[in-house]
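A lone chain, given as C-alpha cells: the form predicted alone.
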Amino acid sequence: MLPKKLLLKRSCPLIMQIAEFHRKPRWLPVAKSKIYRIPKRPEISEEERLELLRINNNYKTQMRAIRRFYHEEMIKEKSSLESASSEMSQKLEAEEWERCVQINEQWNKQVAAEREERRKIELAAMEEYALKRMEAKDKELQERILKASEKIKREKELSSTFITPDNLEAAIDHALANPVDYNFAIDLKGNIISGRDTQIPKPEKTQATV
C-alpha cells in the first residue's frame, strides 16, 4: 500500500504544493551525533579581511548618519509639533479664559439683578414694617392723649367739689350739720341696715293654728 503523501504528490502535482521541513525544529535539542562537533572556522585572506572591515565601517558610518539624520528630523518635527501644540493650547486657553470671563460677567450681572430685586423687596418690607409701627405708636399716643384728656376733664368736673381755703368754713358747717355714718349691716335676707345706732327690727312671730 502506497503512503498518503506519495499518492497526493503523484495524483495532483500541478494543483497543490506541499512544503516539507529539511531542518529540525529549533525547540529540539542538538542531535547526539553533533553535540561534540566543533565547526571549522572559515579562513579568509588578509586583503579580504581588510575589505570586509572597510565595508563594515562604511556601513556603520552610513547607518549612523542615517539614524542621526532621522533623529534630528524627528526632534525638529517634535519641536515644531510641540510649538504648534503649545500655540494652539495657548490659543485654546485664551479662548477658554475669555469664555469663562464672559460667563462670570453674566453670572455677576444676574446675581446683581437678583440682589437688587431682593434689596428692593426687603426695603419695601422694612418700610411697611416701619409704617405699621409708626401707625401703632400714633394710635397708642392718641389713645393715651384721649385717656389723659378724659381724666383731666373728669378731674376738672370733680374739682368743683374740692375743699379749698375759700369754702373751707362752709364745708365744715355742712359736715357738722349733716353727719354721715358709714357703718352698715346686712341681715340674712340681704337687707342693708345703715347707721351705727339703728335698731334692727325683730321679725314678727306667726301664731300657730289650732
Partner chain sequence: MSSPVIKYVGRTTNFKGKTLWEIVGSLKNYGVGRIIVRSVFQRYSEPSFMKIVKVETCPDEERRRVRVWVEKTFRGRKLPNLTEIYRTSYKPDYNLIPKHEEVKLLESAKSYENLPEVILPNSIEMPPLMKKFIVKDHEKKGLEVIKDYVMPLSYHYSPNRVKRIAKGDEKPTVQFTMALGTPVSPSLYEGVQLQ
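Positions refer to the first chain, counted from 1. Source: prediction; values computed, not measured.
Omitted from view is the form predicted in complex with the partner chain, to which the following refers.
Does any heavy atom of F69 come within 4.5 Å of a heavy atom of the partner chain in the predicted complex?
Although the partner chain is absent here, F69 would touch it in the predicted complex, with heavy atoms inside 4.5 Å.
How about E73 - does it come within 4.5 Å of the partner chain in the predicted complex, if we only consider non-hydrogen atoms?
Taking the distances in the predicted complex, the answer for E73 is yes, it comes within 4.5 Å of the partner chain.
Counting only non-hydrogen atoms and a 4.5 angstroms cut-off, does R54 reach the partner chain in the predicted complex?
Heavy-atom contact with the partner chain at 4.5 Å: present for R54.
Contact with the partner chain in the predicted complex for P165, defined as at least one heavy atom pair within 4.5 Å: yes or no?
Answer no; every heavy atom of P165 is more than 4.5 Å from the partner chain in the predicted complex.
Using heavy atoms only and a 4.5 Å cut-off, determine which of E150, D181, E47, E169 is in contact with the partner chain in the predicted complex.
It is E47.
Of the options E122, E77, E116, E105, which one has a non-hydrogen atom that comes within 4.5 Å of the partner chain in the predicted complex?
For this set of options, the contacting one is E77.
Counting only non-hydrogen atoms, which stretch in 155-163, 60-68, 181-189, 141-149 is within 4.5 Å of the partner chain in the predicted complex?
Of the options, only 60-68 has residues within 4.5 Å of the partner.
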